[in-house]
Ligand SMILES: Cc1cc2nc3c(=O)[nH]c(=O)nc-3n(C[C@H](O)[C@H](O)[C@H](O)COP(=O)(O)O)c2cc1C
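What follows is one chain in structure tokens, specifically the form predicted alone.
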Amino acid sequence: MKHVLLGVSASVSLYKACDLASQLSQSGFEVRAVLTANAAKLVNPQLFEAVTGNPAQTSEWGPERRGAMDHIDLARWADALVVAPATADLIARLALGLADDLLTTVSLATETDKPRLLCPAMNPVMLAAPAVQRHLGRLMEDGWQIEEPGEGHMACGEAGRGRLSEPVAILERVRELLG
């Protein structure tokens, strides 16, 4: 059984990440979720636990920690790292190599020969911003695969490119990456 570590950042589209976690689990992958602190404000991590059967984590600190080096343990456990949704903030932190929470430290600790898939989700103007495009380019240079966002109506009321790719498309991409 292949192991997928699902990173989740604070986007309104994270409801699709819950569906993705469920679809991955139903497709035979063992899934663990790591949520940013702000993502955990939008949805309770227990929802990810319910659909994956595994504990979801938001921090290496405090009562939810599992061991002394959770970021290393999770990175070694994973056969693939999928970040969906990836906000502009998280993309910037990953591109700059910052490690200020569990998700970014796990990302840095994941070997570069493992598939790492980033699924951006944000307002179309934000996605087109030079800084975001520069950071996405840097991440691709660093070996990340990008699942291009879709077009359509956004939660902010605008329409355009920036919607999180549909869970079924991300699932298919994970299947391709893990062969």
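For clarity, every value in this text was computed on a predicted model and none was experimentally measured. Note that residue numbering begins at 1 and tracks the sequence as displayed.
Only in words, not in the display: the form predicted together with the named molecule, which the text now covers.
K.L.:
Quick one: find which of 25 to 33, 50 to 58, 116 to 124, 135 to 143 has residues within 4.5 Å of the named molecule in the predicted bound form by heavy atom distance.
P.N.:
Among the listed stretches, the partner-contacting one is 116 to 124.
K.L.:
Can you pick out, from L102, V83, L74, L90, the residue that has a heavy atom within 4.5 Å of the named molecule in the predicted bound form?
P.N.:
Comparing distances to the named molecule in the predicted bound form, the residue within 4.5 Å is L90.
K.L.:
May I ask you to check whether S165 falls inside a 4.5 Å heavy atom distance of the named molecule in the predicted bound form?
P.N.:
Although the named molecule is absent here, S165 would stay clear of it in the predicted bound form, with no heavy atoms inside 4.5 Å.
K.L.:
So, in the predicted bound form, is N44 in contact with the named molecule at a 4.5 angstroms heavy atom limit?
P.N.:
Judged by the heavy-atom cut-off of 4.5 Å, N44 is well away from the named molecule in the predicted bound form.
K.L.:
V12 near the named molecule in the predicted bound form, any heavy atom under 4.5 Å?
P.N.:
Looking in the predicted bound form, residue contacts with the named molecule include V12, since a heavy atom lies within 4.5 Å.
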